[in-house]
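Take a look at this single chain, the form predicted alone, given in structure tokens.
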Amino acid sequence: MDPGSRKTFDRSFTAVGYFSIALMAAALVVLLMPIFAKGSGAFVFRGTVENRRLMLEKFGRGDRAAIEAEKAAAAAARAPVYEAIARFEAALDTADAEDRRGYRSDFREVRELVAELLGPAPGRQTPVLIRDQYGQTRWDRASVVLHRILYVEDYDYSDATKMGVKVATPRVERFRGTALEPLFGVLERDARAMLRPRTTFYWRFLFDQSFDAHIFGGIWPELLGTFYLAVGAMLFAVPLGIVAAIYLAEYAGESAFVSMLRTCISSLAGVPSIVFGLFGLAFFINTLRVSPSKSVLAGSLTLALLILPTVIRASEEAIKSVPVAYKEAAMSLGASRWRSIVTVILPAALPGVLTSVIISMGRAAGETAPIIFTAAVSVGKPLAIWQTLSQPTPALPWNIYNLATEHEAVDEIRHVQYGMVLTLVVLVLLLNLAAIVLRARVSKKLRG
């Protein structure tokens, strides 16, 4: 090939490489930006006086005198709402049966929505569920509930050629001329005075326990459970993986058995993770009985099997990449094969080995399927280290799935779901960044 054509091809491949990198970066931005934007809502939001009440009563945080003053001001703003409800209830008691039937269901809905927005009315019995003891703690959710009070959403099917069109009708029209009519104007005008929203930075979202199935509180049990599972998996997988890599790279040689062994390891790396989960349930829990039922120990062993092929192959390649001269020099000085591996080859291969270990740890932290059957539960308290041998734990991957698909108040806790996703993504990104930095530092140290 003449020099001109070679230069053209080199430039073309360079351009394609840059374009691929730009395309991947754009895809990452498109994927990660919504996660960061919506996930940040778990940490920074406009909290209401109900949120500050909750923090004071459940976590003991905040200035009690200031919060009591806010509660008094909010109660004064809410008084006209409760007075309108009380007057309408009294009028309804004296109305004829037909009027009572006509208003009963609509009024019950209004009263329930007001309780959802502002909390239980003064003088009423304290509800059992924590979610019913407080009004809306976040202004964004309060705005949604307020809209539901002020408007009734329905569908207009008048045009037979089109699908139904959603229309919002003012709810006040259903109560025009009654004692409840003023309530809607007061809510629309004074909602901010009743809830007193202000910007809140809730960094303890990472370290607080949840209340009432994640309606309130943070994700500390899930974060700690993820840490236990990932670290436990590495404790089992890393020693076995490195020893297996040393055997394959330095002792096994070339034979049909070794070729079959490498093929099996490569095949295990491609097995769906749900299969590992079912195997962990059948082998570690039902056969070996490492724990009475689900436990962090069983989940860690299952995750260790999942990442073991990756650790073996990456470590083997790192060991093989060490120049043969290193081993020959060590053995020429009288070192045994094992001593030369431990003192010369492994330190030289350390950057690659550490990279594989940390990347495998990131994968273990983000896996869902293997822990469904072996370790994860939807709700639980933070575990002490000794409890990991026999008890299950919440974990970020499983709880993200669970909250998004099975929670009864899925729309009310979107910020928790996205906050968990953001935390998990940042955790995995930090592990990968740690692998890059650690590899660079070790390589620089080895070069002297």
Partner chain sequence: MHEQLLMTKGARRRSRLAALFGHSVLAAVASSSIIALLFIFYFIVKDAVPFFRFEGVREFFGSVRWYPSREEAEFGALAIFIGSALVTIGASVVAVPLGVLAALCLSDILPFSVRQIVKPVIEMLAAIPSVVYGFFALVVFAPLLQSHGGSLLAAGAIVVLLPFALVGSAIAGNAAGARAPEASRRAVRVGAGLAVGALFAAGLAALAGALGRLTVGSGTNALNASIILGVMALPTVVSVSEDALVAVGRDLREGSYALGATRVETLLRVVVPAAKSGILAAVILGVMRAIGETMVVWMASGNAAKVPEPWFNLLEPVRTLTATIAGDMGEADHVYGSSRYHVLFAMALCLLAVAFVMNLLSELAVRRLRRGRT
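Note that the structure is a prediction, hence the values are computed from the model and not measured. Positions refer to the first chain, counted from 1.
The next section is about a form of this same protein that is not shown, the form predicted together with its partner chain.
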property	result
Position in contact with its partner chain when the complex is considered in the predicted bound form, options I67, L383, M55, V421, heavy atoms within 4.5 Å	V421
Heavy atom within 4.5 Å of its partner chain in the predicted bound form - residue from A404, V44, A409, L389	A404
Region of this chain that lies against its partner chain in the predicted bound form, out of 86-94, 244-252, 116-124, 137-145 [heavy atom, 4.5 Å]	244-252
L180, heavy atom within 4.5 angstroms of its partner chain in the predicted bound form	no
Its partner chain contact in the predicted bound form: I372, any heavy atom under 4.5 Å	yes
Heavy atom of L223 within 4.5 Å of its partner chain in the predicted bound form	no
Close approach of P272 to its partner chain in the predicted bound form, 4.5 Å, heavy atom	yes
Within 4.5 Å of its partner chain in the predicted bound form: residues from 260-286 (heavy atom criterion)	M260, L261, T263, C264, I265, S266, S267, L268, G270, V271, P272, S273, I274, V275, F276, L278, F279, L281, A282, F283, N286
